[in-house]
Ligand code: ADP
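Here we start with a single chain on its own, the form predicted alone, put down as structure tokens.
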């Protein structure tokens, strides 16, 4: 059972929680271990497993980019790689040489930006080392990743599971009794599609919701013109989804930039955010983000994406005040505003992403920004923001974000020349 963040099992006051009482068949040690596991899990709002019926379909690529996209959307995200025999997440994120640390809370996951990452690959002394384990050892390792790693408060934990319906996905489903669901990855051709049906059946038998099917390698995207040419037979993922009554999340083409990003240890959706394939990935994660929006709405927590008439301002920062260097600022202040009461509801400062042409409109749009106040901005950048439905005010003075927003709401914001009109 999921509790308010900050509570731990045994003192949250919820007597219906399965971890509040010792079972008849449990020893004291087993009960303590289960309480520790569930106290860790109850601080994670959504748990999603990424599966595939067959290897080589790009499941880990989807998991890495799903987790990164959620992080870029302002969510607190963890990525757990439970592929015991072939952990590839560290390579895909450029973390092969990461050294894990430990403190009084437990083992600390690696971090890249605001994304927390854990993989058995971090614990191998040699990347060429083979892990030769039977089922019980695998389940023990996965339990430790969930119980002894200090994940803290997360909005999402994305779990990258190895192909098939064996020990690892079974352990995840047995240990996490409140999984939000599974994202199942396939390629279009029949040989992969047959095995995806088994993954759907696996989820149904274990009462795990299927959030949807993703068809990867759905045609080849020409790096010059962008035209997608079918290489493998197409439409297999969509047909399975229709036949088995589960959602179809989308089709991702083969894109040479995706392969380059994986080899370079970069999350594709972050470093190639302006590409058409990155846009497809953002559409695929929309139903996953909606899970958190639904929780926020039902709990009465105001959210810029769900609150009627809400506004979210973005202001580029330097030393706590607006900087004229919009595209090269170190951070942004994001202010949530009630335009009716003309008051600031809250503020969050976030580090700016690496500079890349065309990235900021997507990056700020994913964070719910509806208006930008800037000292200056080039016309091309302004057009891109307008296409995303984000309004832009330029020529603003070097003031604190709160004063700029208050003046804007009062209609007294004094603007001068566009400091960067090119």
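These figures come from a predicted structure and were not determined experimentally. Positions refer to the first chain, counted from 1.
As for the form predicted in complex with the named molecule, it is not shown, yet the points below apply to it.
- In terms of contact with the named molecule in the predicted complex, the residue from 377, 373, 57, 70 that brings a heavy atom within 4.5 Å is 57.
- Only one of 352, 254, 154, 311 comes within 4.5 Å of the named molecule in the predicted complex through a heavy atom, and that residue is 254.
- Of the candidate stretches 58 to 66, 386 to 394, 360 to 368, 40 to 48, only 58 to 66 has residues with heavy atoms within 4.5 Å of the named molecule in the predicted complex.
- Taking the partner from elsewhere, every residue among 88, 92 and 216 has a non-hydrogen atom within 4.5 angstroms of the named molecule in the predicted complex.
- At least one heavy atom of residue 258 is located within 4.5 Å of the named molecule in the predicted complex.
- Mapping the unseen interface onto this chain, residue 262 counts among the residues with a heavy atom inside 4.5 Å of the named molecule in the predicted complex.
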